[in-house]
Ligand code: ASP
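Heads up, the chain below is alone and in the form predicted on its own; it's given as structure tokens.
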């Protein structure tokens, strides 16, 4: 009896990686994944079963919406038992948001979901897409003792594998477009793929549970020198708003003007969740470090430690959508539930 081949499903959502040049017009057109083996014969060197699924409506990542996250989660759920791993081809601009969201939506994930993309289209000579694509397939298929080596949502880009809900796109031109400022790499790729197994989530062997009840009544307010009372009050008074991510300076600092603190305090007393996330790419919110941060903690602003803005947004949508509120919501916002933060 022959052993069944390792299987990987490649899901194409849109984005730069899936584009190629039309030989007649020179214009960029979607890559034909139906003929992938003819266009990329090296895939035959993998001893895997590789299947492809493309969304009927491909979208640029700038048009990404939470409703699409739900469609993507459902696609993975529908195919979960039939494949050993998944590769999601996605535009890089909002990839960190989607990867973060999927990490919360796919509870008890025991298989790899590897996001990748490129800065140059697959059909361009110097594309970074080819290597990103091939290595992502290899990572999605990687096993040890018949178990997935990377059973979590991750982003692979330019020789680095990062936890999806720890990443931020920081460069629009370089091939190493993503940074994981507060968490070490899951793997480094050169001649060999070197997995940092101590950094990778362990499988729990429970049944996959997919959450699609997201609440979109969340927004972000980035602080800047000279921010006006009108801007703050207008943001806090958005109809139906349930949670605000406050992007603060440094280790969680904000202005101490009485009007500013008063606006936040009033909103919190009215039931609004305010989540303190640093604007820095690396570092953590430390509410008690400076007087400016102590003021926020005193009025009930919730410290987000070292969570990224991308992860904070999807975590709030997920938790509020699941019906959490009050003290329990506060506790979960300060607890790592998918490896998205480090609490010290």
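If you're wondering where the values come from, they're calculated on a predicted model, not measured in any experiment. Numbering follows the first chain given and starts at 1.
Here the subject shifts to the form predicted together with the ligand, a form of this protein not shown in this document.
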According to a 4.5 angstroms non-hydrogen atom cut-off, is residue 119 in contact with the ligand in the predicted complex? yes
Does any part of residue 151 reach within 4.5 Å of the ligand in the predicted complex? Heavy atoms only, please. no
Going by a heavy atom distance of 4.5 Å, is residue 91 a contact of the ligand in the predicted complex? yes
Taking the ligand as it sits in the predicted complex, is residue 60 near enough to touch it, meaning that at least one heavy atom pair lies within 4.5 angstroms? yes
Tell me the stretch among 111-119, 183-191, 254-262, 210-218 that has any heavy atom within 4.5 angstroms of the ligand in the predicted complex. 111-119
